[in-house]
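For reference, the chain that follows is the form predicted alone, supplied as structure tokens.
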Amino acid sequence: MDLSLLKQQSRFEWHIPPFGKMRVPGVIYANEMLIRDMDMKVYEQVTNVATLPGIVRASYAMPDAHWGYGFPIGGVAAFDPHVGGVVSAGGVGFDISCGVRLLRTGLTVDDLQPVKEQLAEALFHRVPAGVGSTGTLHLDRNDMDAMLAGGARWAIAKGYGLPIDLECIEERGCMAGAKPECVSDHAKKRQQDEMGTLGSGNHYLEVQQVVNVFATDAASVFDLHEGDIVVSVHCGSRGLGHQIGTEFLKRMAITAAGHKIELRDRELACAPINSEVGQEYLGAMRAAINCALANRQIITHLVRKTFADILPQASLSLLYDVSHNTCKVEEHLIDGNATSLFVHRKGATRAFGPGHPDLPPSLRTVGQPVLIGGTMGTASYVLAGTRDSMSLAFGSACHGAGRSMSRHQATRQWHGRDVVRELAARGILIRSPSFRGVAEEAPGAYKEVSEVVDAADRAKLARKVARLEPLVCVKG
């Protein structure tokens, strides 16, 4: 990105002053190296989002920002329904409610090493992964609608997990306002055999080791210690979410002119929040959030069963589950006034600070766990939300390392078998149904996650709590 187009506010905050039809400035949180490495498409998309009706305060980009569909991945924007604010399917993305769930095991590396290979094989065979992967659970029409309305609560009622899990899931496991009737039959059909599956792309199930603790106060509350083994699940709403995004993007593009919405990019298709299309999209999107929460809950149940077979002394308790592709109604201070806004986070993680009433009492003293997925060859991180973040970016932080090259470029540079072999030599076991998928997700295809996390920490979007390194990775 051309730095001459930006005004540097601090070492980790850069502004794009409004020009043309921008209603608000653009704000990018990153260090100079990350900014320089960002494609100019990020600049273009941040400024395009700033032209949308009803946008409040700024169009934001997180340190892992890269080109996306309409909105940049790593983009955050909030809209006020009282001044013509819009909801955008592109501002949520196709993988609605893709997110990360982290489980503590009560185990150490010494417990894992003797059965590491066995556990890798068992997890790979227990949790389906890959393009078009299906599970053993088939949902008929009634079960599908109940799942879309109930989320993780539905899954637990069906025997997939524990009621105590709900306390540490965003929205307590169920997104209010879901409307299964707004989800098309085609979307439901795509999902009927996909519950309890990872899917493909950057989704994974990973057994990790806590290698560094940075904030002992938060780590103590999170019950994380150096040497601990944890399990991370990264996936979303599978085919259902993708179908909802595809269908509503088309509808929004068709109806935009009728609402006098001028789109600088067709991919920015949106609709007034209070319009018929806007309300139907919100109902369908919330149903997809519940689908993702139920999906991660079922996978958790499968992981627990696998550990019980091989490491029966393990106790897999849920630290937190948080999504990073959503639009949610949240209350934020605007000019000193509490205002209900529709906050879009696309490839950005909610990062509420200490004391926020939406957090469970057990976590409220130190802030929300912010779960940052890295690559299968580097590291992931646990952060904690800050009070500063609430005013900096509507309580948001980065969500991962962020791609530095396309999947096509990655497959031209790496071969999946070689990646698996190289990581095995480092003690990281990869299991995947597709060597091409492994090549697409090669660690070198991503930015350096530690740089991204350090930038988020230094910008005060969230503070570093712990660094996790992979030991076993089931990759879609």
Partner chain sequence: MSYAGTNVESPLQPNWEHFPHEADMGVRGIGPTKEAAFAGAALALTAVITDPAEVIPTQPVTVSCDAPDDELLLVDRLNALVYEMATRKVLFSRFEVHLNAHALQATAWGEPVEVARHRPAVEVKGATYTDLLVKQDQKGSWIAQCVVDV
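Residue numbers count along the first chain shown, from 1. Everything numeric in this text was worked out from a predicted model, so none of it was measured.
We do not show the form predicted in complex with its partner chain, though everything after this point is about it.
Please tell me whether the candidate spot formed by Pro114, Glu226 and Phe307 is one where all three residues come within 4.5 Å of its partner chain in the model of the complex (heavy atoms). No, none of the three is in contact.
Its partner chain: the contacting residue among Arg141, His82, Arg387, Arg266 in the model of the complex [heavy atom, 4.5 Å]: Contact check passes for Arg266.
Of Arg190, His301, Arg104, His332, the one that lies within 4.5 Å of its partner chain in the model of the complex (heavy atoms): The residue from Arg190, His301, Arg104, His332 that makes the contact is Arg190.
What stretch, of 194 to 202, 337 to 345, 161 to 169, 374 to 382, brings heavy atoms to within 4.5 Å of its partner chain in the model of the complex? Selected range: 194 to 202.
Contact test in the model of the complex: Met175 vs its partner chain, heavy atoms, 4.5 Å: Judged by the heavy-atom cut-off of 4.5 Å, Met175 is well away from its partner chain in the model of the complex.
I'd like to know if Arg407 sits close to its partner chain in the model of the complex, meaning any non-hydrogen atom pair within 4.5 angstroms. Taking the distances in the model of the complex, the answer for Arg407 is yes, it comes within 4.5 Å of its partner chain.
Hey, in the model of the complex, does Thr134 get a heavy atom within 4.5 angstroms of its partner chain? Close contact exists here: in the model of the complex, Thr134 approaches its partner chain to within 4.5 Å, heavy atoms only.
Residue contact check: Arg403 to its partner chain in the model of the complex, 4.5 Å heavy atom: Yes, Arg403 sits close enough to its partner chain in the model of the complex that at least one of its heavy atoms falls within 4.5 Å.
Could you pull out the residues of 36 to 69 that have any heavy atom within 4.5 Å of its partner chain in the model of the complex? Contacting residues: Asp39, His66, Trp67, Gly68, Tyr69.
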